[in-house]
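Given next, in C-alpha cells, is a single chain: the form predicted alone.
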C-alpha cells in the first residue's frame, strides 16, 4: 500500500461557503450503554477546508460521538453522511477507508521506533528488489524520503526522522501523529484534545499545523476544552450538552462567554435554531 495524500496547496477558498454541503455529517445520532444514555440526539456538520471545534462539559457526549465517527463504537440510531451519501461505520477500518483518521490523546506512537517508522507503522512498503521482498524487508529509503516530504509540507520541526520519538517533545509527537494521518490520504482528521498537557511553545507548534491543514484539502474536527485556543483556530464551534447538540456558532460572530454559557446551560440555544435542528429530516 502506498500513501495517496496530495500535499499541494488547494486553490479553493479556505472555508466553504455557508450553503455548501458538509463533507461529513452526523444526523440525530444516539448511543446507549444499557440504561445509560450517552448520546440522546447529536448532530454535527463539517464543511470542506474547515476547522470545527466540538465542545461540551464532561459527560456531554463528545467522546462517544468521536468514537462513533472513528468506528470504535456503533450508533444505535441516526445517520452518518460523507459528501451527502450515507455511509455505515461499523469498525475503525471503515472510517479509515472513508478517509477519516482520528488522532487520540495517547497518539499510538512507539517510543523505541524512529519518526519515519512511526509514520509508516503497520503499513511499511516492501523493498523493490525481488530478493529483498522475498525476505519481507521494507523500503527504508522510500519511507524516510516520503516522511520528510510530508513533515516539510506541514512545517513540522523535529530533530531528525531517524531518531526515536522517545526523546521528542509532546508537541513534536502530536505533529508527527497528525502528519501520519495526512500521509495516508485522510481528508478528514479528528483531533482529541491535541494540546492537552503541552507547554506554550509546543501548543503554538501544534496549532500552527492544525491551521495549515486547510491548505492541504483537509477538514478538521477538534475536540477540546480550551475555548481560547478554539477561538483562535476554529471557523465554527458546535456545542454539546447532556448528550445533545444544542448549538453551532461561527467563531467570528461569537465570544467565549456565549460558548461557555451554552455549555453550562446558562444561555439557551435560539428557539428557531433548535426547531430547525430537531425537524431536520433523519
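Positions refer to the first chain, counted from 1. Here the structure is a predicted model, which means the values were calculated and not measured.
Below, we refer to the form predicted in complex with a small molecule, which is not included among the displayed structures.
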Of 46, 69, 213, 38, the only residue with a heavy atom within 4.5 Å of the small molecule in the predicted bound form is 38
Can you pick the one in 64, 224, 27, 238 that has a heavy atom within 4.5 Å of the small molecule in the predicted bound form?
64
Looking at 227 to 235, 29 to 37, 214 to 222, 250 to 258, which stretch has residues with any non-hydrogen atom within 4.5 Å of the small molecule in the predicted bound form?
29 to 37
Given that the partner is absent here, does residue 60 sit within 4.5 Å of the small molecule in the predicted bound form, heavy atoms only?
yes
